[in-house]
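Presented below, as structure tokens, is a lone chain in the form predicted alone.
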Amino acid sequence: MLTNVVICGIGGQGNILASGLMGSALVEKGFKVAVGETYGASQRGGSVMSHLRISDEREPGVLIPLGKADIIVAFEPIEALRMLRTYGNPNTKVIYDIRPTYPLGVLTGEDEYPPIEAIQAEIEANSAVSIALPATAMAVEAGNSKAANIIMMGALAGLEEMPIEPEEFFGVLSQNFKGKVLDLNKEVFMTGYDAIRKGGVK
């Protein structure tokens, strides 16, 4: 088994932390895991991407070959589309936060953010499964907007390709968080997990 996961977003959204937590949970379960990271101008809201490669047989290389992603988890719609164009194929599953994060050029009026409907349509047309999740809104409702990254990891864990159970991820969470923050992260993880499992997605 070799599963290739791209986890991407904008600098400051917490996707590097999220991919590290997921990688650690999988290592503790006995899988061979490689995590590679690439950074854009993260301090200015640039692209940030992690390659998460999971194997039960051999040590995988760090970087996912172009067009070979099995799953793309994106914390922003444009980033989902960008990674799908580069690493995706017709069998790729895509989970992405539906909330746009507007770059400076859009905020100043110099650039234009594409219509969200057009982004969704292209993602749906070029992937096997496309799930637009309101992760940021779900995190705000839970009491912490910064917890969207953990919601997205819960959604990732809900896919049948991911050999991880919530309790196994909670073990790694407990090594990094305590008290009310730990309880919140467990809660929002299950919110993302249930969104996939109860939604009938495989």
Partner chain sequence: MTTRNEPGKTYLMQGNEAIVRGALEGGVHFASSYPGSPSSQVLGIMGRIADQMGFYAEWSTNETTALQACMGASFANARSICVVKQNGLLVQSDTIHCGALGGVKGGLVLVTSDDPDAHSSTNEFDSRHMAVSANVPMLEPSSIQETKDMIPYAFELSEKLQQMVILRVTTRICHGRGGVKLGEIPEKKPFKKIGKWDKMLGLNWLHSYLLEKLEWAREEFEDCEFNHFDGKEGAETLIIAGGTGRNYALEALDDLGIEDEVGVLSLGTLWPLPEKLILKHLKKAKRVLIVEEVDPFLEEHISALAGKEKLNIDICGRNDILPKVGELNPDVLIKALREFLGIKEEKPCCSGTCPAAEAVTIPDRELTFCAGCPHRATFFALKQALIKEKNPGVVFGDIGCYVFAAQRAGQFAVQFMSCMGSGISAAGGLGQLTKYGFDQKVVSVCGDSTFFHTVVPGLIAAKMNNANILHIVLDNSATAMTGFQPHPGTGTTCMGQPTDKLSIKAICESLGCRVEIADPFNLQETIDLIFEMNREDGLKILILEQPCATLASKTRAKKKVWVEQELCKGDDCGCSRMCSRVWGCPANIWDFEKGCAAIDEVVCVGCGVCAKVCPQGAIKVEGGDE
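Because the structure is a prediction, the values reported are computed rather than measured. By rigid core we mean the largest C-alpha set that fits within 1.5 Å across both forms. Numbering follows the first chain given and starts at 1.
Separately, the form predicted together with its partner chain exists; it is not shown, and the next lines address it.
Task: 68, 90 and 122 all contacting its partner chain in the predicted complex, non-hydrogen atom within 4.5 Å - done: Spot residues vs its partner chain: full contact, yes.
TODO: Find out whether any non-hydrogen atom of residue 55 is located within 4.5 angstroms of its partner chain in the predicted complex, and reply yes or no.
DONE: Answer no; every heavy atom of residue 55 is more than 4.5 Å from its partner chain in the predicted complex.
TODO: Consider residue 118 of the chain shown here, and say whether it contacts its partner chain in the predicted complex, taking contact as heavy atoms within 4.5 Å.
DONE: Output for residue 118 is yes: heavy atoms within 4.5 Å of its partner chain.
Open item on the list: So, residue 159 and its partner chain: in the predicted complex, are they within 4.5 Å at any heavy atom pair?
Closed with: Output for residue 159 is no: heavy atoms all beyond 4.5 Å of its partner chain.
- [ ] Would you check, heavy atoms only and a 4.5 Å threshold, whether residue 173 touches its partner chain in the predicted complex?
- [x] Residue 173: no contact with its partner chain in the predicted complex.
Task: Residues in 58 to 78 close to its partner chain in the predicted complex, defined by a heavy atom within 4.5 Å, in order - done: Going through 58 to 78 in order - heavy atoms within 4.5 Å of its partner chain in the predicted complex - the hits are 58, 59, 61, 62, 63, 64, 65, 66, 67, 68, 76, 78.
Task: Rigid core fit then residue 90 CA moved by 2 Å or more between the shown form and the other one - done: It does not reach a 2 Å shift.
Task: After fitting the core, residue 115 CA displacement of 2 Å or more between the shown form and the other one - done: Residue 115 C-alpha, core-superposed: shift of less than 2 Å.
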